[in-house]
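Only one chain comes next, encoded as structure tokens, the form predicted on its own.
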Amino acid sequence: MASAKRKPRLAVWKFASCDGCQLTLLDCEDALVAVADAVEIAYFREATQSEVSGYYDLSLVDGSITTARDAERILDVRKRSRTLATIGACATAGGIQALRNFANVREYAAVVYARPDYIRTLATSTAIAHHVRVDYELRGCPIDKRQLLEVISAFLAGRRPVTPPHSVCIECKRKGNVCVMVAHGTPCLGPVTHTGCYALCPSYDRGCYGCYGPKETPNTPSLSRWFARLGVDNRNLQRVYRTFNANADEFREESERHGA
């Protein structure tokens, strides 16, 4: 009798993050059962203490690189992974903790910690792709579980994941939302932000905060001019782009254009 075919090994790795993207995987409910049946969950500390050593067919990496130890550890993860996908704003752009990239991290540590001399950290928070080759990036803070399942399904089927490249504005049009920026003068990052949240904030008459990072070829200078017409000054224009994806290239460059 022929031996059963080995299931692909899935590993989920955590670096500097809030764990929200890993919890999104656990929140897949019934679909998670199908995923667990199709792969061998070889490493996933959020869900189990068991670990299968060796090499992994698919690694999902959550979190940014903020310590020298993690900068070494990601090299080992890459070496042991046939396919490596980063999930979430921390892994793809450095996360909210990348605000340290615009300031003095020692001053931050002195304010937050009673004994900052115990803290061992890098001066920057950077995306995984700044350190190793990444096969696919899934954005969001947190990621969308439907897009995550698409990434895993595509891997199992041996194809490229299909996730929407368009902006949040398209989702607003599909839902019939009135544009909050045109109708109410509310600053909104929807025109330059990847979809993934299905226009959650604009659906409740709030501007988009850019949780899914810059879409392909965003025209951030044009959007900034619109914001200026709405009365947003340079200081607040800078802050608009410095949230969950502050270190994403297009958002970082636009925020620096409005620096003091």
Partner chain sequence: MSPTDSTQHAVVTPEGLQALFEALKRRNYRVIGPILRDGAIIFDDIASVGDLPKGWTDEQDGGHYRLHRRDDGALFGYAVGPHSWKKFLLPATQRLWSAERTEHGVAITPEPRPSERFAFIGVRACDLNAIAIQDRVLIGGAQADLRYQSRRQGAFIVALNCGVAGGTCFCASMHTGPKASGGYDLVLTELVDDGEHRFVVGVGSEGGGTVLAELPHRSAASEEVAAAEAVVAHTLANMGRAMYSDDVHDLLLRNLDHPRWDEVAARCLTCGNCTLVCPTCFCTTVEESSDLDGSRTARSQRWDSCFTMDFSYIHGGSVRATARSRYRQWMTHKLATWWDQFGTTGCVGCGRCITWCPVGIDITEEVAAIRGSEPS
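Only a predicted model underlies this, so the values are computations on that prediction, with no experimental measurement involved. Residue numbers count along the first chain shown, from 1.
Another form exists, predicted in complex with the partner chain; not displayed. Remarks below refer to it.
Contact annotation for residue 153: at least one heavy atom lies within 4.5 Å of the partner chain in the predicted complex.
Mapping the unseen interface onto this chain, residue 137 falls outside it, with no heavy atom inside 4.5 Å of the partner chain in the predicted complex. Among residues of the shown chain, residue 167 is one whose heavy atoms approach the partner chain to within 4.5 Å in the predicted complex. Contact annotation for residue 38: at least one heavy atom lies within 4.5 Å of the partner chain in the predicted complex.
No member of the trio 73, 83 and 118 reaches the partner chain in the predicted complex with any non-hydrogen atom inside 4.5 Å. Partner contacts here mean any heavy atom within 4.5 Å of the partner chain in the predicted complex, and among 206-214, 64-72, 46-54, 224-232 they occur only in 224-232. Only one of the listed residues (160, 133, 79, 106) places a non-hydrogen atom within 4.5 angstroms of the partner chain in the predicted complex, and that residue is 160. Taking the partner chain as it sits in the predicted complex, the stretch 174-212 comes within 4.5 angstroms of it through a non-hydrogen atom at 174, 176, 178, 179, 181, 182, 183, 184, 185, 191.
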